[in-house]
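Given next are two forms of a protein chain, the same chain in both, each as structure tokens and marked structure 1 or structure 2.
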Structure 1
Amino acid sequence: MTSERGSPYAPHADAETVAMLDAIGVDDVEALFDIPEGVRFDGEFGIEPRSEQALRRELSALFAKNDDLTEFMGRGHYDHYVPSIVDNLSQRAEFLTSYTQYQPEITQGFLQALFEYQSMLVELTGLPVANCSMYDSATALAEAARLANRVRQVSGTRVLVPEFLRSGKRGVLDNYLAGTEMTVETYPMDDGNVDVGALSELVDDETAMIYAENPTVRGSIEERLADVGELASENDALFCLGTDLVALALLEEPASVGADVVVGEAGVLGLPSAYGMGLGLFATREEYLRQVPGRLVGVSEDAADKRAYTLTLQTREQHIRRERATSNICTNQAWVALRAAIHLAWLGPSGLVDLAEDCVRDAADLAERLDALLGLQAPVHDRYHFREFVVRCDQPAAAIAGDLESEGFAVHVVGEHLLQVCITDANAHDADGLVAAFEEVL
């Protein structure tokens, strides 16, 4: 829509548009586009103008139709309380831009924030190199597999992943590797953790990478990660460990168990659960520095000897020769990484450890209370758990989950008689209500 004064979204006035079309020798704006008839819309949207007040009333009524459930759901999407300081700082005008921060001379503040984010990842993982984010944990895992294909001196191309792997993550991995010679195979789990004996039978010199998670998708804490790392090292395979920022505060440091690459979800801090939007963390050893996908922010000194930040490494083909590019991944999650860094800094080392310890304690307490109910066994896996655990129920799991929804609670169904429950600081205050709801529906 244009007019004499333009519109808020297309600010050019009619006269300006005509002048520009004349300058390039085109009759009208439509001549600039080649839109197939099958997808062309040539009509009216039928949206009547409304006042702001009327629009707010209408949208409020529409949103009120959504189910208002208290969620105890996890499996990769974790809701932790996000302090208001995260919104207040991240929404400052200096940080809100639709552009990535390519120009160090005008974006020193944002580059410094990303450098701090990278530094926190380095401290938490024990690995010396971290990039300034990826889309989500699934793309980070897929990029790790492709890195393994480049850096390992093995003839094989097998990627071994756990039997229990979130389907969305496995789907992205398969898509990434579909155009390569790499293949993905699963190894079995033993009571929720890696079956190291079975894995040792599968690993050979055809294995390019072994992937393990801590905690697992079922919330159990892996107890033999060092053995997995040793298996990978003995067979010259890359050891990739999946985890998240909160878990890293408490569980074994990835570098200490032989991890070559750490991937996972950094959006557990700074974001409410978004069911799609993520923040992929990626850290690795220094010897793989030039193979890291995405971007790295570095620090140096300018001509006046002042500290200066810049994008030190960008390995995508837009920036370097195609044959030297390691990845075609484009957008990083700069603003989301900024929010995670603010949340991390606000928590501080002791606050982060306290939050992680709550994830273990609350999960154990809730599992114990559910296990006391007739018809439930929790947790199914006889392990320590982080945030979440699996519950076995005598009745069909789908029916129980449906009845819990009627009581105002949402949990995952992961098997015919298996439910999965996740508890964090965001929903712990409703644990009594969940237990009471289970008692009601059993």
Structure 2
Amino acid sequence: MTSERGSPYAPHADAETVAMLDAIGVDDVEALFDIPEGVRFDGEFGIEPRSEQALRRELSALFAKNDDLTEFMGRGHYDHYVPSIVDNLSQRAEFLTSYTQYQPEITQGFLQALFEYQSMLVELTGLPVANCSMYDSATALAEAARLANRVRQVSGTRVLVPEFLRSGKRGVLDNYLAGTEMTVETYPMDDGNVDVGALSELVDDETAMIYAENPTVRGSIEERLADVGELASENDALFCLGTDLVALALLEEPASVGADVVVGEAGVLGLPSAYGMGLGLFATREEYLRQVPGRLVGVSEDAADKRAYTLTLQTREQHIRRERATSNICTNQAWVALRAAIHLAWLGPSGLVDLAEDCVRDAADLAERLDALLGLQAPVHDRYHFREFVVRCDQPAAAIAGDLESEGFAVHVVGEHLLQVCITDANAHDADGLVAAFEEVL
């Protein structure tokens, strides 16, 4: 029997505890704590233990306080339908309750799953090296800039980012570069896309990296990415492209437009809307292999000459290289990468391309329907869009968004008279409802 009111997960019967104390040679567990009197604490946090049942009720009541809104939101955090098989297989305890694969002989399963995740990123980006996860798209971008700082053929210290960039992403980038001599500057956009002319004026041989997104944070599809890649290459700067796992299936292949590093959100597959929790994708060229942050799974052989997988190139990592490591990342998002891989494999190539095409069609259809309403103009940017687009409204945007909430819908406010709307396979069935709600509140 476990002692009453202790940890429900400590299995000790009283007799066992006594036998163990005897073996150690002490009378009491407290004798094992070598803590000076001056810093002893009395154990009273005032946290009342609860039974499983009570806690379930409590948390279920707590979450019920969240309004049940249909979200038409994106801007870097997307909700695609996650098939049941992803939850079911990823929650197998052998995956979920495992640790980093420091003993490859008994962790071949997870290593192979991560190797397959890396491989699918390689297929989608066209770049030969992908790591097995960063925290999210923001930290992946920031790590790319730090990679640019380490790459010898890049001499400069300037990082150029688009004018339209999520503030959270920019904030993380600034912080990750705070300990370097690198500086971040923005370049202007032209009707939602990179203003290539203005960018070419800004780029010089002090430019270490140019960052562009496809689709942009406003959902527009970039039309001159190859020109951006060329600008970067002419100036010996790295071209870093931000994208996501679904967009990669349809939009121009990063390798073909000259991307040196691809970062972005891989949690668009495999993760439900999770208050911003993500999965950073990171892929690059072979020549930067030893500058890559994070974990890599490689192929080797075991003593019986059979193919086997292992974490590799660990001399880049913090536990070996310490302050000279390529990154401080240790715990990453491996389980989320597993989920993304299962989701990708479930979709298969046709399913993924179909999903991506729907992101373009559904956005165009919804924009057209909103544009037809009096007092709305959509999309604001005269471009192709992927999932999301900006809407100009005659009335103040915040007031409209507030009224839409009362009607059961959530959208972004991105300016005084600008809203942003995002449609995916998870909410497309409610598009009629959203349009009706707009009609109601305008």
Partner chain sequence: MIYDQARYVENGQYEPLLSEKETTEVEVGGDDSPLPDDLTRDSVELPDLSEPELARHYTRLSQMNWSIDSGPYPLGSCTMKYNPKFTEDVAADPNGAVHPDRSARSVQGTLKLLHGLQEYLAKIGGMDAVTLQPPAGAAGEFAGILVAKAYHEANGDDRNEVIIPASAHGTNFASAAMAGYDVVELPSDEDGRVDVEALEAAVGDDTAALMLTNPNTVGLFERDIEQIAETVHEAGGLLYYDGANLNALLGRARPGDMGFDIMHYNVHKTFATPHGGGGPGAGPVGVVDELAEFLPSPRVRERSSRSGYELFDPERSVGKVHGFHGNWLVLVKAYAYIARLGDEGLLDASAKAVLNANYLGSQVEFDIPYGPFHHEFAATSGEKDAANVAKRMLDYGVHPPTTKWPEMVPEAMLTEPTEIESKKSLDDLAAAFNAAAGDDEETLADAPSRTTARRIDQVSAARNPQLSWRALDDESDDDA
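In this text, rigid core is short for the largest set of C-alphas that superpose within 1.5 Å between two forms. For clarity, every value in this text was computed on a predicted model and none was experimentally measured. Residue 1 is the first residue of structure 1, and the numbers go on in sequence order from there.
Chemist: If I had to pick the form predicted alone out of these two, would it be 1 or 2?
Modeler: That would be structure 1, which is the form predicted alone.
Chemist: Does residue 22 count as moved between structures 1 and 2, where moved means a C-alpha shift of 2 angstroms or more after fitting the rigid core?
Modeler: Shift of 2 Å or more: yes.
Chemist: Could you check, with the core superposed, whether the Cα atom of residue 382 shifts 2 Å or more between structures 1 and 2?
Modeler: For residue 382, whose C-alpha is compared between structures 1 and 2 after core superposition, the shift is less than 2 Å.
Chemist: Residue 399: with the rigid core matched between structures 1 and 2, does its Cα shift 2 Å or more?
Modeler: No, the C-alpha moves less than 2 Å.
Chemist: Once the rigid core is matched, what's the CA displacement of residue 46 between structures 1 and 2 in angstrom?
Modeler: Displacement of the alpha carbon, after core fit: 5.7 Å.
Chemist: Where the rigid core has been superposed, how far does the Cα of residue 33 end up moving between structures 1 and 2, given in Å?
Modeler: Superposing on the rigid core gives a C-alpha shift of 9.0 Å for residue 33.
Chemist: Relative to the superposed core, what is the Cα shift for residue 59 between structures 1 and 2, in Å?
Modeler: Its C-alpha position differs by 3.6 Å.
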